[in-house]
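Quick setup: one chain, the form predicted alone, written in structure tokens, and binding and motion questions come after.
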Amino acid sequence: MSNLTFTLKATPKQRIDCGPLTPDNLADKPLAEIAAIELVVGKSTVRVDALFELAEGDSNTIVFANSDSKLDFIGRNMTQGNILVEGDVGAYLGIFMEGGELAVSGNTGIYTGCEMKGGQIKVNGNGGDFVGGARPGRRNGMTGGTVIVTGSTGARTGDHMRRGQILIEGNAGDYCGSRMISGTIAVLGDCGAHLGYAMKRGTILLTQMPSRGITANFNNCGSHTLAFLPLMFASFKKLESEFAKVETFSRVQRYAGDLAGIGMGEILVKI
């Protein structure tokens, strides 16, 4: 059976809240009922069929074709199923996500995986600022799940992150792991300025020393052989990611910080 498909008719002039279009919300709904759903567009509401061409199919897998960077909140609160996005997407991709899988073939806007609790998001492009982060005024970022970015991420990746893992195949922007409480961020490329700023706990795993180095707020704890790293890499083998191809290593240089706070976070750099 084919998938339920929403093909964007034209480049939108205002931002569109696509949050209602998830496998959870559309299960067992006839196509006519789905077409009549009102989406918030700017300060008004517009029917789904006025924005998208609909193709009937299995609502457990939803496809957004001809997607645009003005499509926000795709995958909001989803707990099951799959969403495939062909093209770029806007802000808050997978916000509050608890389960299922969400894949994007382009770039994403700000707050990808914001406060997600479970499931998997894969971005086959670049992620914006605050990947896996917390909304303004909130104290908890993502608390579970996996975010994979095949390109690079913007600033504040994992801001206030509490659990889960973010895997970045490219570079991470400034303030990666800022105010991190727990969880794991792994980066194959370079990192920007202020790595681990105000980090409380958690792990940032790097395959190379950042070009900007490690800040003085982190104490060099020397070289270590860490037995948990091979187990972590074994878990990566199950993923469709460059991390599945990384040769396992356990010998790292360990830096503890941020010493301006409780200093229980760690940056691990492959030796």
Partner chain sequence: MIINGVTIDETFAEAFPMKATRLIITAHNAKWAMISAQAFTGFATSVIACGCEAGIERELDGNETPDGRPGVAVLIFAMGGKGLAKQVETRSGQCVLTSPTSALFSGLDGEKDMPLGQNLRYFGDGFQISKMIDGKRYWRIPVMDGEFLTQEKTGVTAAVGGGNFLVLAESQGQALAACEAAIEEMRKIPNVIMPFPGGVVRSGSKVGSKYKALNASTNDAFCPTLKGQTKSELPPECESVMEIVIDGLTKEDIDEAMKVGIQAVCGLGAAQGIRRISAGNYGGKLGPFHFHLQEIMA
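Positions refer to the first chain, counted from 1. Note that the structure is predicted; figures quoted are calculated from it, not measured.
If you look for the form predicted together with its partner chain, you will not find it shown, but the lines that follow are about it.
Examine Ala32 and determine whether its closest non-hydrogen atom to its partner chain in the model of the complex is within 4.5 angstroms.
-> Outside the cut-off, so no.
Any of the heavy atoms of Gln120 lying within 4.5 Å of its partner chain in the model of the complex?
-> So Gln120 does not count as contacting its partner chain.
Met232 near its partner chain in the model of the complex, any heavy atom under 4.5 Å?
-> Output for Met232 is yes: heavy atoms within 4.5 Å of its partner chain.
Is there a heavy atom of Gly154 no more than 4.5 Å from a heavy atom of its partner chain in the model of the complex?
-> Outside the cut-off, so no.
Can you work out whether its partner chain is within 4.5 angstroms of a heavy atom in all three of Gly183, Ala227 and Met264 in the model of the complex?
-> Result yes, every residue of the spot touches its partner chain.
Here the chain is shown alone; which of Arg212, Lys245, Lys238, Arg47 has a heavy atom within 4.5 Å of its partner chain in the model of the complex?
-> So the residue touching its partner chain in the model of the complex, by this definition, is Lys238.
Of Lys200, His194, Arg163, Arg135, which one comes within 4.5 Å of its partner chain in the model of the complex, counting heavy atoms only?
-> Contact with its partner chain in the model of the complex is made by Arg163 alone.
Candidate stretches 59 to 67, 214 to 222, 24 to 32, 200 to 208, one within 4.5 Å of its partner chain in the model of the complex by heavy atom | That would be stretch 200 to 208.
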